[in-house]
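Take a look at this single chain, the form predicted on its own, given in structure tokens.
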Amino acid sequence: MTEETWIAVAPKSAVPEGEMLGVSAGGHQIALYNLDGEIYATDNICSHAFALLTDGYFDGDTVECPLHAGRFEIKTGKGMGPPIPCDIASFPVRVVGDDIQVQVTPKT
């Protein structure tokens, strides 16, 4: 069984408030969001069709996919209705100094 591990993915200064950033960690494509000064992380791939959510629109506490306007809650990864077939993963985040760290199970 593979254990979850904390991986430094970006400096906090790389994700200004109200912005998002795509990163890779442990074989996962991850979207980082700065929502009201707090950093959140979800899968960066839409569950409906292959599209990077960081190419979409950050609006309030949701992100909208650039292909078919499917929306997800940033804090939880919950899909907000059609055309989304399922939620996306969210990941624990911590900030150590200026480093954003995400906890993931590395893909093998």
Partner chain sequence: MSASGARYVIVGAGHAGGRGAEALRAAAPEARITVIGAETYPPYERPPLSKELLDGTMPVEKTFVRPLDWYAEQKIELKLGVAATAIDRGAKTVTLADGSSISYDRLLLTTGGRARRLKMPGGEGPNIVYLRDIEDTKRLKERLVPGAHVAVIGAGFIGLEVAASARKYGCDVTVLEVAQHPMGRVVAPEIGDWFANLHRSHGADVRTGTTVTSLEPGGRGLRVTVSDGSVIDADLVVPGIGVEPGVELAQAAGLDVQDGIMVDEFTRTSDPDIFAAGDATRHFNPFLGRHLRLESYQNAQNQAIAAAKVMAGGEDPFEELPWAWTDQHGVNLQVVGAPLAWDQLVWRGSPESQSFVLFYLAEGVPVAANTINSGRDMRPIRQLIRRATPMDPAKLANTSLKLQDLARG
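Being a predicted model, the structure only gives us computed values, none of them experimental. Numbering follows the first chain given and starts at 1.
If you look for the form predicted in complex with its partner chain, you will not find it shown, but the lines that follow are about it.
Engineer: With a 4.5 Å heavy atom cut-off, would you call T62 a contact of its partner chain in the predicted bound form?
Structural biologist: Yes - in the predicted bound form, heavy atoms of T62 and its partner chain come within 4.5 Å of each other.
Engineer: Hey, in the predicted bound form, is G27 touching its partner chain, heavy atoms inside 4.5 Å?
Structural biologist: Close contact is absent here: in the predicted bound form, G27 is far from its partner chain, nothing within 4.5 Å, heavy atoms only.
Engineer: Give a yes or no for T54: in the predicted bound form, does one of its heavy atoms lie within 4.5 Å of a heavy atom belonging to its partner chain?
Structural biologist: Result yes; T54 sits at the interface with its partner chain in the predicted bound form.
Engineer: Contact between K75 and its partner chain in the predicted bound form at 4.5 Å, heavy atoms?
Structural biologist: No, no contact at 4.5 Å.
Engineer: Pick from P11, P92, P85, P16: which residue has any heavy atom within 4.5 angstroms of its partner chain in the predicted bound form?
Structural biologist: Filtering the options by heavy-atom distance leaves P85.
Engineer: Taking S47, P66 and A69 together, does each of them reach its partner chain in the predicted bound form with some heavy atom inside 4.5 Å?
Structural biologist: All three within 4.5 Å in the predicted bound form.
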